[in-house]
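One chain is shown next in structure tokens, namely the form predicted on its own.
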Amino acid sequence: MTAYIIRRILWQIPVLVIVGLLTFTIARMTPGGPFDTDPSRRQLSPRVEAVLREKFGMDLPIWRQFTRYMFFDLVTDPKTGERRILWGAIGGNFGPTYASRGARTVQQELFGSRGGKPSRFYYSARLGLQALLFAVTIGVPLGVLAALKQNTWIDYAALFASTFFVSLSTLIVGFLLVIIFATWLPWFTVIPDWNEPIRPWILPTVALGATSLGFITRLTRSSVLEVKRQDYVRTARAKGLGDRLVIWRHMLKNALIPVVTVLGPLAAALITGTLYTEIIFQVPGMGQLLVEAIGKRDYSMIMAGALIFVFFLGMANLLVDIAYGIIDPRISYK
């Protein structure tokens, strides 16, 4: 398994390079720039813009801009005059932000603490993990129960609830929760206090996890129903095994494989920031910052957002593949 894990991690490098190249190309082809976001109205004087373009290396050939950001660049130390290698995104250096004119780096914006408060990544990651845990802990048991009680009122209620949540977007669910629980019922505040450990996280967690909960419930139900009709389940029942043993040992493990498959990309999408939820509940996470970076043409922040998402997607899929072998020992890593 160790060789398999190392091989999968190494495969991340060419994937990151390809995604970085595509993101870099699309960002540079989009009209406007970080120092003139509106092509019809100049934001800075031509002289100041030329100085900034030189400072950020935007006067270099386009291929050189990509390689110095993605891989490395040779820089001269102003004090000693020595040449040294400055690693790029592959080495974890996402460069300075264009919006701050180089005063802050992308790492400081995304992963650095702000005035004693946790980083933006902390808020997005915690919210995403809580939403995923909420969706899985409720969706999987509800889907299993609906499949075992097929064509009963429990099944119909679970299908109705899951279809309802899947049909609504996170934006609508978020607004409904704010109106009901922060306006009609003053159980929560519209402007949350993020110094509190639990209370401000409840509504955004439910809003973000509701759609995923509905999807996981329906997927679990369909998977259990399919496994329920397999020959080995009927054979296990014919041997006289109890319902609980048949469900846990023979049905649930095989039924969870499709559910585990979707958890990889779902976890990556939730952890790296969600725009609507963070705006509605004023969560100081990465989602809103990354969307603002697109509007400001902050190239380094845009590249960092895409690469971080792809990295977490690859790691989540690796964990999913490892989970396959734990759930079903017949799956080999060779």
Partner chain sequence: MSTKARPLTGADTLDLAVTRPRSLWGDAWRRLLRNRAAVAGALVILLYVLVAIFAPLLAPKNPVEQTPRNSLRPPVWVTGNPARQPNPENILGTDNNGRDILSRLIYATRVSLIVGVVPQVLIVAIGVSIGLIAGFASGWLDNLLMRFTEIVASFPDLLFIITLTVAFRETWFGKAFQGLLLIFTALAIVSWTGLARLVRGQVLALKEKEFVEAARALGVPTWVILLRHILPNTLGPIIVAVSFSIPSLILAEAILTFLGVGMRPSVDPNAPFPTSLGQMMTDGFYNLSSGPWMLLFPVLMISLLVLSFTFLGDGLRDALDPRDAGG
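C-alpha atoms forming the largest set that superposes within 1.5 Å between two forms make up the rigid core. If you're wondering where the values come from, they're calculated on a predicted model, not measured in any experiment. Positions refer to the first chain, counted from 1.
Although it is not shown, the form predicted in complex with the partner chain is what the next lines describe.
S.K.: If contact means any heavy atom within 4.5 Å, which of 163-171, 124-132, 255-263, 81-89 contacts the partner chain in the predicted bound form?
M.R.: Result for this chain: 163-171.
S.K.: Can any non-hydrogen atom of L245 be found within 4.5 angstroms of the partner chain in the predicted bound form?
M.R.: Close contact is absent here: in the predicted bound form, L245 is far from the partner chain, nothing within 4.5 Å, heavy atoms only.
S.K.: How about V178 - does it come within 4.5 Å of the partner chain in the predicted bound form, if we only consider non-hydrogen atoms?
M.R.: Looking in the predicted bound form, residue contacts with the partner chain include V178, since a heavy atom lies within 4.5 Å.
S.K.: W153 versus the partner chain, in the predicted bound form: is there a non-hydrogen atom within 4.5 Å?
M.R.: No, W153 sits far enough from the partner chain in the predicted bound form that none of its heavy atoms falls within 4.5 Å.
S.K.: I'd like to know whether F309 contacts the partner chain in the predicted bound form, with contact meaning heavy atoms within 4.5 angstroms.
M.R.: Yes, contact at 4.5 Å.
S.K.: Taking 4.5 Å between heavy atoms as the contact cutoff, choose which of S113, S100, S222, T137 touches the partner chain in the predicted bound form.
M.R.: Residue within 4.5 Å of the partner: S222.
S.K.: With the partner chain taken in the predicted bound form, which residues across 1-21 come within 4.5 angstroms through any non-hydrogen atom?
M.R.: Counting only heavy atoms within 4.5 Å of the partner chain in the predicted bound form, the contacting residues of 1-21 are W11, V15, I18, V19.
S.K.: Honestly, after the rigid core fit, is L266 moving at least 2 Å at Cα between this form and the one not shown?
M.R.: Yes, because once the rigid core is superposed, the C-alpha of L266 moves 2 Å or more between this form and the one not shown.
S.K.: Any CA movement of 2 Å or more for L110 between this form and the one not shown, core superposed?
M.R.: Stays below the 2 Å threshold, so no.
S.K.: For L213, does the CA position differ by 2 Å or more between this form and the one not shown when the superposition is done on the rigid core?
M.R.: It does not, since the L213 C-alpha is displaced less than 2 Å between this form and the one not shown after the core fit.
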